[in-house]
Every structure is written in C-alpha cells, then in structure tokens.
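The chain that follows stands alone, in the form predicted on its own, written as structure tokens.
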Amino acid sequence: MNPARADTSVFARWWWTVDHWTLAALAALVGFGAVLALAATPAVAQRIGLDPFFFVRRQMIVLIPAIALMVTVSMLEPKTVRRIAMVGFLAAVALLALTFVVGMEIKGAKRWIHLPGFSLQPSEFVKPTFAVVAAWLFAMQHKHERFPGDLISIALYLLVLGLLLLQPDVGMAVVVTAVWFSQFFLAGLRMSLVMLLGGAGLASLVGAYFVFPHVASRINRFLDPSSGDTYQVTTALEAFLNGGLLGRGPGEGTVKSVLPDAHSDFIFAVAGEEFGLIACIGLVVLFMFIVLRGFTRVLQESNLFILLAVAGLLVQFGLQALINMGSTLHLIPTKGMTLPFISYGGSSLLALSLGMGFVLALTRKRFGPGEAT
C-alpha cells in the first residue's frame, strides 16, 4: 500500500518524490537478471567442477545488499550524494593502486583484490563515483570562476586513466573517457577543444592497437575471424539462431554448457537462445527506457551539478550495456564487460546499484531551490 501523502517519514518522502517508472524498469532488469542467473550459471559451475548452484548462491548473496544499497542511496539529498561519491572515489582510487601490489592476475591483467569469499574489482566503483566528482568540479568551475574545477578534473581523469591502462583495462578506460568527455562537453567545452580532444581520443585508440597486444588481437579477430580464435563469438551467434523468435524455453538452451563466459560477458547469448529475439528486444528497450527516462527527468533540472552527474551516470550505464550486447552480437570487437544487472559479478552489481541509486536520488522531485552542491 502507498504511504499517505501527509506522512512525513523518510520512506514516505522518498516514495512520493522518486521516479516510479525508472524504479520499475530497474526492478524488471534485476528480476530478469535473477532468472538468467538461474538459467546460465549452473551449467558453467558444473563444467568447472563446482556445485551447480555455486554461482547462483553467490549472486543472490550480493543481490540483496545491492538492492538495499540502491534504495538507501536513492533516499539521499544531492549534497550527501556528492560527499559519498567523493569519499568513495578516493577509496576506489586507493584500492585501484593497491591492485598492483596485492592484486590477483587473471588473463594477464591485475584488476581484482581477493577478500574472504569475495573478489573486489575497484575500477567498477571508480566509474560511478568519478562521474559524480567530475560533475561537481565542472559545476564549481562555473559557479566560482577562480576555482580550478576543470584543471582538477583533468588531473583526476589522467590519474584514473593511467591506473586503468597499467592494469591493463583498455575497455574500462574507454568508458571512463566517454563519460568524462560527455560531461566536459555539456559543461560548455569550447568547440576547438572538443575537436582537439576528439582527435586525441582517436589517436589514443589507434595507439592502443600498437601498444596492447590483446587489443590488437581482438580487433584483428573482429575484422578477420580467420586470424584467431573466435569460438565464443561464433558460439554466441549460433545461440541466437537456435533461439529464434520465441526461444527454446527456460533451461532448455545448450550454449551455457559450452560457452566459457556464458554467465558473465556472454549472458546475452543465453537470453537469446532460451527466451528468443522478442525477449532480447524487450531487454534492449528496458535499457533504452532507463537512459531516456533519466535524461527526460534531468533536462528539467536547473542545477548544473545534478545535470552533469546524471548525464554522466546514464552515459556510463547505457554505454556499458551497448558494449556488452554489441560484443556478443559481433558488432564491435569483444570486450570483457558485464551487462548491467544481468551478468554474474559482485563488484559490477554493487557498483551499478550505487550508480543507479545516485541517479534515482538526483532525479527525485524537489520543491524549492534547495542546495545541491
């Protein structure tokens, strides 16, 4: 039952100001992700000699605090969101640097810190927190001309970029760059600098091809499948063909038994085989709705900090989904990136919940001028 409008409790104030449509779409994503976890992870666990419900249990254990985190953060005021993001960003950067000392090396990259019963990927938490911090710095530059917000933001971006490339994690660096650049552009970046930074970005992508062997390998295999191993992509495409329009039915798919990353980077292929094209289109529509709904809400906002923060978080959310689905469908070179709220991964789930909690908090209805920064 809905709380009474006269109710002044924290929950009642949150319920009547939060965007119910975005909340419902996120709940649908989380629910579909839970169903796919039940469908995809048991076969993967059995293939590597684990208990069939090993990944299911771990995902459900993280899912509960993740939902609680998103709802709790969505109840906060903009000033509190900014403060939490700053503290979280400093902690995430420190942990990101710590990966070079105590991090686990997996597939040639040091991105994870092993904790009892959990592997933490600090870069996942850098994305949402840096988006909010950068938004505040850009907004402060406009509010106080003597405050060097742009320069501090550039310095922090270069720090994050350097740490990500040293891991190396080129895909994450691309996402962080796209989010930061979009915020800088919306903050009023001069067109000459837009062209300069855009050219530098393209040059950096070309440079990554020659500096990072794994980047060159993925691009070569994308352009010429016969140049290397394309097993996962080829198998994923076959799964979509097998699923057809309506799918083979929940639990009836076979791709999860042979695809190594069926529970994480290629879970969209499992959705395509078991639930079909219509369900996949529905999933795409959900992602589009959340992004467009968020932009519709925030375009009514006069506070520059809120506008830039929400825009950055939505670009990150939408771009991450686009990269995952595009990789699975062989529309872009493969990149190990989770599908938001769908793929298996504790760090990703918690970080995405934090980011979308920020979005829900910053797009709540407010009455009066308030103070956001």
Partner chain sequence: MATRLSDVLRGLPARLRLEGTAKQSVETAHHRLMVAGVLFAVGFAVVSLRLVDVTMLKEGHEPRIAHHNRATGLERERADIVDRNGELLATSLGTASLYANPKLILDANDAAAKLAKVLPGSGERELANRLGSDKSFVWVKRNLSPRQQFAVNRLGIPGLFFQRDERRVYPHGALTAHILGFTDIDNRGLAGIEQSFDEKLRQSDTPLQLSIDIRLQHVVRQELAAAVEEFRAIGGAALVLDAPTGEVLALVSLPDFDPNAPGATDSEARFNRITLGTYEPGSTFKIFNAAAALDYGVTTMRDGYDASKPIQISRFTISDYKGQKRWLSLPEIMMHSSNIGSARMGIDLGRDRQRQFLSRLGMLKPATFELPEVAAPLAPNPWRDINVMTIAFGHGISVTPLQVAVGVSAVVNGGILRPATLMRRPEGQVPPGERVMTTRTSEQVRALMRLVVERGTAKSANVPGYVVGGKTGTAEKIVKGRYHRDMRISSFAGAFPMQAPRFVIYAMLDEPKGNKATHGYATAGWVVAPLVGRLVSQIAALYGLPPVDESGPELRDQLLINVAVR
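Everything quoted here is computed from the prediction, not taken from an experiment. Numbering follows the first chain given and starts at 1.
Here the subject shifts to the form predicted in complex with its partner chain, a form of this protein not shown in this document.
Across the options 201 to 209, 188 to 196, 168 to 176, 82 to 90, residues that bring heavy atoms within 4.5 Å of its partner chain in the predicted complex belong to 188 to 196.
V315 is the sole member of V62, V56, V315, L26 with a non-hydrogen atom lying within 4.5 angstroms of its partner chain in the predicted complex.
Note on the partner interface in the predicted complex: the residue among E77, D261, E238, D150 having a heavy atom within 4.5 angstroms of its partner chain is E238. Using a 4.5 Å cutoff between non-hydrogen atoms, F287 counts as a contact of its partner chain in the predicted complex. Within 4.5 Å of any heavy atom of its partner chain in the predicted complex lies no heavy atom of A68. Interface residue remark: V102 is not counted as part of the site for its partner chain in the predicted complex, having no heavy atom within 4.5 Å. S119 falls outside the set of residues with a heavy atom inside 4.5 Å of its partner chain in the predicted complex. Contacts between 283 to 299 and its partner chain, taken as any heavy atom within 4.5 Å in the predicted complex, involve V284, F287, M288, V291, L292, F295, V298, L299.
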